[in-house]
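The data below hold one chain only, encoded as structure tokens and taken in the form predicted alone.
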Amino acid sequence: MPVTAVLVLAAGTYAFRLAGPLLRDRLRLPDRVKELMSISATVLLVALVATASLTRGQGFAGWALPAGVLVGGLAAWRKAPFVVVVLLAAATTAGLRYLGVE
């Protein structure tokens, strides 16, 4: 059963990815729909970041990890290079954990 589920999901993912290039020139979307799709992608990304940074297992991840993500987000917002963003986020999280902030 799990192998079947993996194969079905893999086929669905491949079909979904293939649909983009095949339908790009055939499908015209209204500007409002394009705007909503752009906003929904941002909302989805923020939700993924919030879920990954605020939870560990079934509980709260502590303050160090969200603080590191916040510092990384601010660095990315200020258009810092990706390496700097990652290093700042990791250093903030590690520094807070070193100081005993969980």
Partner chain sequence: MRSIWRTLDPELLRDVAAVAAGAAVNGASFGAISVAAGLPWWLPVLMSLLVFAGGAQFMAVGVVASGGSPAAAVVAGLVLNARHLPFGLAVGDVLGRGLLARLIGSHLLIDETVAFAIAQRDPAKARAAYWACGTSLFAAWNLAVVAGALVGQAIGDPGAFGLDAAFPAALLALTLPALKDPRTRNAALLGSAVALATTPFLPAGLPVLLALTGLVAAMTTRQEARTCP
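From a predicted model like this one, the values you see are computed outputs, not experimental measurements. Whichever C-alpha set is largest while still superposing within 1.5 Å between the two forms counts as the rigid core. Positions refer to the first chain, counted from 1.
The form predicted in complex with the partner chain is left out here; the points below concern that form.
Chemist: With a 4.5 Å heavy atom cut-off, would you call Leu99 a contact of the partner chain in the model of the complex?
Modeler: No - in the model of the complex, heavy atoms of Leu99 and the partner chain never come within 4.5 Å of each other.
Chemist: Within 4.5 Å, heavy atoms only: does Gly62 come near the partner chain in the model of the complex?
Modeler: Heavy-atom contact with the partner chain at 4.5 Å: absent for Gly62.
Chemist: For Arg56, is any heavy atom within 4.5 Å of the partner chain in the model of the complex, or not?
Modeler: Although the partner chain is absent here, Arg56 would touch it in the model of the complex, with heavy atoms inside 4.5 Å.
Chemist: Quick one: does Arg32 come within 4.5 Å of the partner chain in the model of the complex, counting heavy atoms only?
Modeler: Yes, Arg32 lies within 4.5 Å of the partner chain in the model of the complex.
Chemist: Hey, which residues along 25-59 are within 4.5 angstroms of the partner chain in the model of the complex, non-hydrogen atoms only?
Modeler: Contacts from 25-59: Asp25, Arg32, Glu35, Leu36, Met37, Ser38, Ile39, Ser40, Ala41, Thr42, Val43, Leu44, Leu45, Val46, Ala47, Leu48, Val49, Ala50, Thr51, Ala52, Ser53, Leu54, Thr55, Arg56, Gly57, Gln58.
Chemist: Given a core-based superposition, decide whether the C-alpha of Thr42 shifts by 2 Å or more between this form and the one not shown.
Modeler: Yes; Thr42 is a residue whose C-alpha shifts (by 2 Å or more) between this form and the one not shown when the cores are overlaid.
Chemist: After superposing the rigid core, is the C-alpha displacement of Ala11 2 Å or more between this form and the one not shown?
Modeler: Yes: Ala11 shifts by at least 2 Å between this form and the one not shown.
Chemist: Once the core is aligned, does Pro21 move its Cα by at least 2 Å between this form and the one not shown?
Modeler: Yes, Pro21 moves 2 Å or more.
Chemist: So the C-alpha spacing of Lys34 and Ala76 changes by 3 Å or more in the model of the complex; is that change toward closer or farther than shown?
Modeler: It is farther: in the model of the complex, the C-alpha atoms of Lys34 and Ala76 lie at least 3 Å more apart than they do here.
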